[in-house]
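The chain below stands alone, shown as structure tokens; this is the form predicted on its own.
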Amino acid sequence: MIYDMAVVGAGIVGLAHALAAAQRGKRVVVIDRDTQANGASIRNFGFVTVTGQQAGSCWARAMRSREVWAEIAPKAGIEVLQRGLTVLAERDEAVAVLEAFLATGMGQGCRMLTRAEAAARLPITGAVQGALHSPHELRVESRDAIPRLAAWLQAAHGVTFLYGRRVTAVTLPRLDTSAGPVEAETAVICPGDDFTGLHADRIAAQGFTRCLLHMLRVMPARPTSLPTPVMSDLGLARYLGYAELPEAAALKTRLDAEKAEARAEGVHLIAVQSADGSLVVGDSHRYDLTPPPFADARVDDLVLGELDAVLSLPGARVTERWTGTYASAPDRLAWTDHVSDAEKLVIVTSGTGASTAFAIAEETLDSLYGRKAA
């Protein structure tokens, strides 16, 4: 059988391309070296983040991807556990950044909350002065959502999945794999942070590195409800939609003085809630082509310290710890290389795959087949 499209990589970027192709009526095969989802796509928050993404194409991609998630989640049996976002501000400088953000076009639909309004929604600490609420975000359980999305693509769209196969060469219409050849007219290669496989020379020329992040699952001692994911001041200095605002300069200066160790480790707070009441909490950012496998407890403590700074969760305990890695670049958030008219190489280089992949995939399919009719 000759497929219309082969997708190499079954993470969220690969699955997004499989969906975009299937929606155009293409016969799609997805090939992955692992026997099940195991990479960055299941090690993250499952947080489809719009608010705070960099102004321009990234923010627009996030808005579009959020629309796709909202459309397909119920069809694929993926539960949306939280909606929206609350950014808690501890410092005057953070409040100023949030107010400045609200005045931009990206602030549409968002609003400032007083401390009392924030306290009525969340178990905040006394340090919180106010907050920004966004209605745009969605949160799914990534380790459950990715397998469910793949199963739905197979059952509802006839996508073929070939797991446990490494693709060793692509000379279309032939893809050589560790279990024999596969034939397809076009191919999209989505290698994540595997820089040594297909098109290693093209990837090496870009100077990409890898980002190591720390993640934790925290169980509150008593039932606690977070109606939205939560972020804090440190996130305003990292997420470019806030951090590139002129008003962010003063906040960065203050955080560099007060939170120097956390800033050095790239720590910022995201806390989301799972169906069992536990919180997925993170994260940190350390960059290396070959990140060490050792998780420093000091970094976990920095993350937990930021959680304790804004949310009152006495007696909460860590029940699970893990690390993840993703491709990273200092000068771009995603990269598409047009290997040929029939083969594309797509890497999200910013950890925003869950938030932007569906829109990126639609752009890729437009480049292969022309813009889809409305």
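Residue numbers here begin at 1 and follow the sequence given. Predicted model, so just to flag it, every value in this text is computed and none were measured.
The form predicted in complex with a small molecule is left out here; the points below concern that form.
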item	value
Stretch from 73 to 81, 162 to 170, 101 to 109, 251 to 259 whose residues place a heavy atom within 4.5 Å of the small molecule in the predicted bound form	162 to 170
All of L132, P135 and S278 with a heavy atom within 4.5 Å of the small molecule in the predicted bound form	no
Candidate from R64, R43, R332, R27 lying within 4.5 Å of the small molecule in the predicted bound form - any heavy atom	R43
Contact assignment for the small molecule in the predicted bound form, among G241, G235, P191, P220, heavy atom within 4.5 Å	P191
Contact flag, A6 vs the small molecule in the predicted bound form, heavy atom cut 4.5 Å	no
Heavy atom of L153 within 4.5 Å of the small molecule in the predicted bound form	no
4.5 angstroms heavy atom contact with the small molecule in the predicted bound form for V310	no
E306 within 4.5 Å of the small molecule in the predicted bound form, heavy atoms	no
